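One chain comes next, on its own, written as structure tokens: the form predicted on its own.
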Amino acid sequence: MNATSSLDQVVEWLRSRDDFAIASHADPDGDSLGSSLALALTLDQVGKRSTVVIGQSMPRRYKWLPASRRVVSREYVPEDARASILVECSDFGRSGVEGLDTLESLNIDHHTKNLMYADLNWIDSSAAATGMMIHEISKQLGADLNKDIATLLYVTVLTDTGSFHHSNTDAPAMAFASEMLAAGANASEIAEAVYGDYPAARIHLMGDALSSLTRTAGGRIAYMFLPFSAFERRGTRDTEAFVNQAQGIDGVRVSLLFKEVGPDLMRISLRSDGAIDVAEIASHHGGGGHPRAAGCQIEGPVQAARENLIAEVHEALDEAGAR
């Protein structure tokens, strides 16, 4: 396992290299995409070339982001890339992009369950969003905090704090948000773009998820399941924040959303009220996240994977004495 690097080491690594492939995790969210694009714009300002790559199509809700057209959807690393930067990604595999591990690599993350897999790893679990770390890099490189970068970075902290609802909403996060607003980010416009203007397909998909809602363990666990056919029928894969609907039920300590994304392949979102550390559970399956919000991917028969993970959560709740 490689040791955690310092900001100075990260900045020196970036200064001495070029032609970067910037990637993040599968099912990219506001923090991963906002951080990736803000880093790309920062590198532009200091004369560096970069490509933001994701292993799937660009999520509709984030197509409005500044510089979003720079995002390339592909399964393999660009041929001209000479170094890889993984943003908010617990390991190479979670990126969904092959070949990143064949290049010199930098890993930037704020999650506690990161596998420290790159040549250089900068992990800061005190940051509410990875975007806050990107801002530190940008300042060290001498880049200008213009409106586009401020907008991208505001999105990172807005989404990763759950609209300033989650427990990581602390004084530094609020000060960071304020700084981005002062630099030109528009809070109301961003909130409307991220959380409003949903396509009907997403609402129907949410209905599918809610119709599958099941409670177990005396009501302490709530879970939903979306089969692959639901995504095909609705024509969207946007499930961001669906799992929070179950977490809001009275008495629920842990909620899960199971998504069948391929043959014997499932992605799971987990939320906790703090009774247990769901990032610890996700890490058992190659995932990661925060103690109250995490995700992972499991291969194998869908029903068995679902039952086994629920049993694991149930056991953790019992061991924690969470009633």
Ligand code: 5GP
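In case it trips you up, residue 1 is the first one in the sequence shown, and so on. Source: prediction; values computed, not measured.
Keep in mind that the form predicted in complex with guanosine-5'-monophosphate (5GP) is not shown, yet the notes after this line are about it.
- Using a 4.5 Å cutoff between non-hydrogen atoms, Ala294 counts as a contact of guanosine-5'-monophosphate (5GP) in the predicted complex.
- The closest non-hydrogen atom of Ser90 lies within 4.5 Å of guanosine-5'-monophosphate (5GP) in the predicted complex.
- Contact check for Arg94: a non-hydrogen atom falls within 4.5 Å of guanosine-5'-monophosphate (5GP) in the predicted complex.
- Under a 4.5 angstroms non-hydrogen atom cutoff, guanosine-5'-monophosphate (5GP) in the predicted complex lacks Gly55 among its neighbouring residues.
- Residues of just one listed stretch (34 to 42, 65 to 73, 47 to 55, 264 to 272) have heavy atoms within 4.5 Å of guanosine-5'-monophosphate (5GP) in the predicted complex: 264 to 272.
- Residues of 24 to 61 placing a heavy atom within 4.5 Å of guanosine-5'-monophosphate (5GP) in the predicted complex: His25 alone.
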